[in-house]
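Taking the form predicted alone, here's one chain by itself in structure tokens.
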Amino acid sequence: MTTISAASPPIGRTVKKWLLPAVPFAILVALWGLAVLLFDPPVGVLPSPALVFEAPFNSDPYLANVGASVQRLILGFLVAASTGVVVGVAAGLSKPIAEFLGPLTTFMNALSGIAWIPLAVAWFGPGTGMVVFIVWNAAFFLVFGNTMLGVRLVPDVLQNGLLTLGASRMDVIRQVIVPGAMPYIMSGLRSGLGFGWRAVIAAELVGASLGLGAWIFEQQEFSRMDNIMAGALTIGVIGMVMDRWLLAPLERRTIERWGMVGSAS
């Protein structure tokens, strides 16, 4: 007699979690293939799905370009995340400073990212330094603003309770303020990573000789629509993987850890 563990998730839930999100992509690829079959457009206008999926394997610099883009994203995002959290916590600890910097943060969030590319090219020149600056600019103010907001929303009663018990200000920051602001910090990191990834591609289009953005721009000159579409699909896949399988689970566990929602299990 077979015993089924009560802790194992139902098959239906597993199918829904892993297979259902793939259905829209399967439908899109099927419609794409059907359009190519029915209208037979030139390869330079709309290549078949098979040609696009094979393109990365037929292009030697593909992996080098992917690696360059991801490396720039990691470097720029690490700098933006560390500086954004530290400065955000420091600013959030003071209400006057938070109110003073609030409008500036809103302004810079609207301006940050690709709007800085012309200035960044003049300041840093084409290359990795320019791209890293654009990534930092796109992610920093999102991380900073969310961190500052999270710190401001930690209830004063929790901080005062710990101070009453004899804790130092640093103990309050470490044990109450930072954990209490963590859901907002994770939300800022998640948004910042997404904006940073888009900023990498935009910056590489005009200011780099290596990277997915530069590779797509270069393939345009040769009318290699298969490589262009393969690069675009790669950008989307990497962005989805980072968000869905890296930061989204971390954000969910952070929220569950600090008691805002219950665990689904």
Partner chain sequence: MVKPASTTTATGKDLGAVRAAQSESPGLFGVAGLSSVIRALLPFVVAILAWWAIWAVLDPPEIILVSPASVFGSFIDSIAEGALPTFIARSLARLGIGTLIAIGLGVPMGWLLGLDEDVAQAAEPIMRFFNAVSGIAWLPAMIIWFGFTETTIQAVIVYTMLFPVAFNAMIGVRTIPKRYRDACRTMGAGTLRIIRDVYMPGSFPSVMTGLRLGIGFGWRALIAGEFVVGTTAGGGLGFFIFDARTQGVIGKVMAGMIVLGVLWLLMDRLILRPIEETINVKWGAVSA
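Residue numbers count along the first chain shown, from 1. Just so you know, these numbers come straight off a predicted model, no measurement behind them.
Below, we refer to the form predicted together with the partner chain, which is not included among the displayed structures.
- Looking at A50, you'd find every heavy atom of it more than 4.5 angstroms from the partner chain in the model of the complex.
- Although the partner is absent from this view, T106 contacts the partner chain in the model of the complex, with a non-hydrogen atom inside 4.5 angstroms.
- In the model of the complex, the partner chain sits within 4.5 Å of a heavy atom belonging to F217.
- Using a 4.5 angstroms threshold between heavy atoms, S223 counts as touching the partner chain in the model of the complex.
- Checked against the partner chain in the model of the complex, the candidates I114, I74, A90, V172 yield a single residue with a heavy atom inside 4.5 Å, and that residue is I114.
- With contact defined as any non-hydrogen atom lying within 4.5 angstroms of the partner chain in the model of the complex, the contacting residues in 133 to 150 are L142, N146, L149, given in sequence order.
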